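To begin, one chain is listed below as structure tokens, in the form predicted alone.
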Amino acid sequence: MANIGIMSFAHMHAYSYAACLKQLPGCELTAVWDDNIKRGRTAAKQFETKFVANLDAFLDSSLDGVIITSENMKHRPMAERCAAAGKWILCEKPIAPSVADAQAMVQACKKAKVGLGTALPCRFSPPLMEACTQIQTGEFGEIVAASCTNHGQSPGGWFADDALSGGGATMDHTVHVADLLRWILKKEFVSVYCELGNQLHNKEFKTDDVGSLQLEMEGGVQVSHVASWSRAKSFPTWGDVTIEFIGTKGVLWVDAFNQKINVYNDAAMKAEWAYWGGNPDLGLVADFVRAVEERREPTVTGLDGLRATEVTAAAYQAAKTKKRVPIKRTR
């Protein structure tokens, strides 16, 4: 039995991960800690587990692993505390807003000999898994370019405050695509040019809500990507992840969340999407639980999270300087 704790319900994904833990055999959501006591107690009650207000007591308990779903700027200190306590870690994406913080987290876990995973669940999306298989077996020849999107609804709250988020939609929605392309194409990013802005939520946001990126990968692969918080509140779901791969033998278009049925709900007075396909969050959490049990690195590692952060950090530098910026890989 793997005993898993959740640190903070600041990020909305915490609720999905908690629900996944409750579904999985051989593991238990053992405890919740949150620096917002009211929020933490409410979440613990919802998921029928205990709330521990004292962080030392939380980390001194019989936890085998911890899922960190706090505000982005708090990831590093929380991960370092967990690593020092010998806990396996799954950290919400972006693993950290800055390369220095992400690198420090990877090193802390390496020193403590604990596993560190990054919550990038799109790798567990069945359409993307199938696309990965077809591309890696050569069905579409050599991939020379890709066109990507990751749009979402405005999360508001701390996401709109740079002091807590460290960046806006460009960071929040580029890490998914950067990780997917590295995983599928087995290539690293070389450079990026980026234009971004606060164009949709001027009065309420202190971060960017849209970004347009032009990237290059090893071997000259050209990538365009648009990230945004642009979906209306009435949109059937939070957003999308789409990638069009252009190869020498054909073109493959993937919509990661298109395993759905259109539902016209008169009670809600809106259209909704009912999903019939796989649950990427469940795949991510199940892999983390197995990693805890097997004492191995999760499939999407802390280093993968660091690589995605390197891309977004360079994108923000490019937007600031109005120049294409090389993407440097750290260790």
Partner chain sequence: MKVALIGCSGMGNVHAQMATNCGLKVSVFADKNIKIAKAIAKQYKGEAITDGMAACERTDIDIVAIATPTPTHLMFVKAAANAGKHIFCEKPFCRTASECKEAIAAAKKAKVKLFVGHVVRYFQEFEAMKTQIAAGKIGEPGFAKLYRGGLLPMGSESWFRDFEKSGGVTFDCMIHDLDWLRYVFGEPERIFCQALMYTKRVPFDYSQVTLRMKSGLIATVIGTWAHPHGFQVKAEICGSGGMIQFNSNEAPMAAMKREVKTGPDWALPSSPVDISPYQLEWEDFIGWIRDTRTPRVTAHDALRAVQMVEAALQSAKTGRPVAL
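Throughout, rigid core stands for the largest set of C-alpha atoms superposing within 1.5 Å between the two forms. On a predicted model such as this, the values are computed, not experimentally measured, just so you know. Numbering follows the first chain given and starts at 1.
Another form exists, predicted together with its partner chain; not displayed. Remarks below refer to it.
- Proximity to its partner chain in the predicted complex, defined as a heavy atom within 4.5 Å, singles out one entry of Gln214, Gln134, Ser154, Gln107, which is Gln214.
- In terms of contact with its partner chain in the predicted complex, the residue from Glu80, Asp161, Glu188, Glu244 that brings a heavy atom within 4.5 Å is Glu244.
- Within 4.5 Å of its partner chain in the predicted complex, a heavy atom is found for none of Gln23, Lys93 and Val99.
- Picking from 173 to 181, 123 to 131, 110 to 118, 140 to 148 the stretch near its partner chain in the predicted complex, with a 4.5 Å limit on heavy atoms, gives 140 to 148.
- In the predicted complex, its partner chain sits within 4.5 Å of a heavy atom belonging to Gly219.
- In the predicted complex, at least one heavy atom of Phe235 sits within 4.5 Å of its partner chain.
- When its partner chain is considered in the predicted complex, Ile261 lies well away from it, no heavy atom lying within 4.5 Å.
- Within 4.5 Å of some heavy atom of its partner chain in the predicted complex lies at least one heavy atom of Gly197.
- Contact annotation for 226 to 256: residues with any non-hydrogen atom within 4.5 angstroms of its partner chain in the predicted complex are Val226, Ser230, Arg231, Ala232, Phe235, Glu244, Ile246, Gly247, Thr248, Val251, Trp253, listed in sequence order.
- In this overlay on the rigid core, Phe51 has a C-alpha that sits less than 2 Å away from its partner position between the shown form and the other one.
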